[in-house]
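Before any questions on binding or motion, here is one chain by itself as structure tokens, the form predicted on its own.
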């Protein structure tokens, strides 16, 4: 595998908001991969000691002065990837739920021709499956994607994704601000990009508190569904928004 990657630039993008408790273990776990990929942490205006953890680990990071939310933080990573000529970019959440051992599998799918590949917890249905309410919402979004694109995506809210240079360039210019995963899937599929999934085994958040509560979950479902439908009907295909 490493031989294939000799002339390929790969970047691991880790958005982090108040993740001082999860980052030390996460960074230790992915250290073995830094011989063949680079990583950039986007400190999304954290109010805890996230920035001190990054400095202690001597990690390359972007320190956002204000909290932009997941969309703005991830797009900052894609802009960094595009500016520095990376061939593959991988999103990897800072809360430690994503399985680091599947990073290689994501990269292999991109090398095999996918434009984007998503790590899905619902193909083999192993590991952490999220809450009942969120699983219901994910099924509804999967059904909506099937109606709009004719294709099935089992885990449209997964933030564990990899993409090629073409998608990096696209995301550097266009990216939704709030909960972008589902919106970008619809947009890319309607634009005929190749999106595939691989099975992964996620784990529960070990420390800290998730920013997604009951009210935010309801808001998420309403906002994403409305945005996708409006985007499709007005020809924009998912409500993707240009920044800058």
Partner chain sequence: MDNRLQLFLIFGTLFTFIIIIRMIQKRNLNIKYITIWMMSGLFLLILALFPQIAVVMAHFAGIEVASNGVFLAMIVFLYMICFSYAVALSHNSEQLKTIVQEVAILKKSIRDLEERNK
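Everything numeric here is computed off the predicted structure, so don't read it as measured data. Residue numbers count along the first chain shown, from 1.
Keep in mind that the form predicted in complex with its partner chain is missing from the display, and what follows is about it.
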Evaluate residue 137 for contact with its partner chain in the model of the complex, applying a 4.5 angstroms cut-off between non-hydrogen atoms, and reply yes or no. no
Under a 4.5 Å heavy atom criterion, is residue 165 part of the interface with its partner chain in the model of the complex? no
Closest heavy atom of residue 158 to its partner chain in the model of the complex, within 4.5 Å or not? no
Considering non-hydrogen atoms and a 4.5 Å limit, does its partner chain approach residue 75 in the model of the complex? yes
The single option of 37, 198, 195, 62 touching its partner chain in the model of the complex, heavy atom within 4.5 Å: 62
Contact test, all of 13, 17 and 179, partner its partner chain in the model of the complex, heavy atom 4.5 Å: no
Its partner chain isn't shown here, but in the model of the complex, which of 95-103, 146-154, 108-116, 80-88 has heavy atoms within 4.5 Å of it? 80-88
